[in-house]
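First, one chain by itself: the form predicted on its own, in structure tokens.
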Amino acid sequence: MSTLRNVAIVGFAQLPVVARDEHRISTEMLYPVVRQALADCGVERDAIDYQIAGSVDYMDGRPFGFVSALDVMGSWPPRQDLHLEMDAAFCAYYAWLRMQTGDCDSALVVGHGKTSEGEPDRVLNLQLDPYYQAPIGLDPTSSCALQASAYMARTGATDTDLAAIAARNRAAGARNSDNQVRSAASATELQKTPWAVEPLRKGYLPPVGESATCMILAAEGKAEKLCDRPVWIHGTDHRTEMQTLGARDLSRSASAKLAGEKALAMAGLSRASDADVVELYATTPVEELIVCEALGLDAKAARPVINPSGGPLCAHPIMSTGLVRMGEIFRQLSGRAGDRAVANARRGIAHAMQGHCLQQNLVWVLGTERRWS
């Protein structure tokens, strides 16, 4: 561990999440956030060594959207560039790995998705096993319902428990001007919403929207010059499970558990509850309960504060939802969270996932101090 480089988040910008941005294409949405993130760091694009984008053309409803993103990120003079068809949080992980090798000292990470131009349910169906599960038409809501049924059967969790989790996120999300849903709702009100797919009600599901995000990472020596309060990466890990739903215990997340254990060990922490604030990529209350269990967190405890942003139940911009979790922890630890700031927060955990029923999980442990001297 002593050979790892200190790397920090030094800038983050996002567009408010909306159901449909009628007047801009994806790259036009990306341009202002790239400019804002660079301006916040006081530099121009040429000061950044490496760039990476998270997007998927199927979600944009057009081909080669990732190539046109170069017009915004910068393609001249030539520089190292990569594109992943994953949430941009996984792009940040890749950039962190490149920085650990000494290949670069700074990185621009962006996420974009014009989901209103595509068919998210149809596209996300393609993440499933192509022989037995995708052909029967499973979409994220139906696979999440299978997971919820398995979790509720194992633990005895009730509809009331799910409503309480959703209501807590909605109350927190009302303070976040970047959210698509900015109205609080009580657990009683949410329990009256109709079934989407039983046992999940419409009030327990996220609003799918679109946005664009940009994060800047920098290694020690450069980070301090780009940000007055950089947020340092103390630990991170990425794990994945089998694609086939029948090969996994859907009521648990083995990959979230292992990723959490590895990230905490890298950070020198014995338990996740040592963090002050946590942001989870959980698209249903059951996913939040499963990830909390995997990380060793009590979803009902007052500390650490879970999803003070409102989480994905208030805004779910596909391709950026995970990077927003990292950006929210950056805001909390760098004094940029405004009226949703968690008092005295010095350490946070950001979680991101991809795939049906928490197939892939990525955990970040972040702090206000450098991890390694």
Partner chain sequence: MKRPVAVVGVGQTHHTTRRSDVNIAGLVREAVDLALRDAGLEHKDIDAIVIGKAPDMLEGVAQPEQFLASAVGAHMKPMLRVHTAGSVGASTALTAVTHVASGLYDRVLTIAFEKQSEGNAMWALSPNMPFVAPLVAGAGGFFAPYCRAYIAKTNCPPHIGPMVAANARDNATRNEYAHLREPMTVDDVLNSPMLWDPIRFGETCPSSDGAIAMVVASEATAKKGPRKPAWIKSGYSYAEAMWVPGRDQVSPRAGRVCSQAVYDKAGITDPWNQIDVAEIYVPFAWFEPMWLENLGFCAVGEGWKIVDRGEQKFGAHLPINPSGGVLCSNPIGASGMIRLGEAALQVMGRAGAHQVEGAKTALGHAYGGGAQYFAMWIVSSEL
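Bear in mind that the values here come from a model prediction, so they are computed numbers and not experimental data. Residue numbers count along the first chain shown, from 1.
Just so you know, the form predicted in complex with the partner chain exists too; it's not on screen, but the next bit is about it.
- Interface membership of L82, defined by any non-hydrogen atom within 4.5 Å of the partner chain in the model of the complex, is confirmed.
- Although the partner is absent here, S273 sits far enough away that none of its heavy atoms falls within 4.5 Å of the partner chain in the model of the complex.
- Looking at A47, you'd find every heavy atom of it more than 4.5 angstroms from the partner chain in the model of the complex.
- Looking at R62, you'd find a heavy atom of it within 4.5 angstroms of the partner chain in the model of the complex.
- The three residues S75, Y131 and M242 all sit with a heavy atom within 4.5 Å of the partner chain in the model of the complex.
- V56 is the sole member of V56, A345, C41, V305 with a non-hydrogen atom lying within 4.5 angstroms of the partner chain in the model of the complex.
- The listed set R201, H238, R175, R252 contains one residue whose heavy atoms approach the partner chain in the model of the complex to within 4.5 Å, identified as H238.
- Partner contacts here mean any heavy atom within 4.5 Å of the partner chain in the model of the complex, and among 184-192, 137-145, 91-99, 155-163 they occur only in 91-99.
- Annotation for 345-373: interface residues with the partner chain in the model of the complex are Q354, G355, Q359, Q360 [heavy atom within 4.5 Å].
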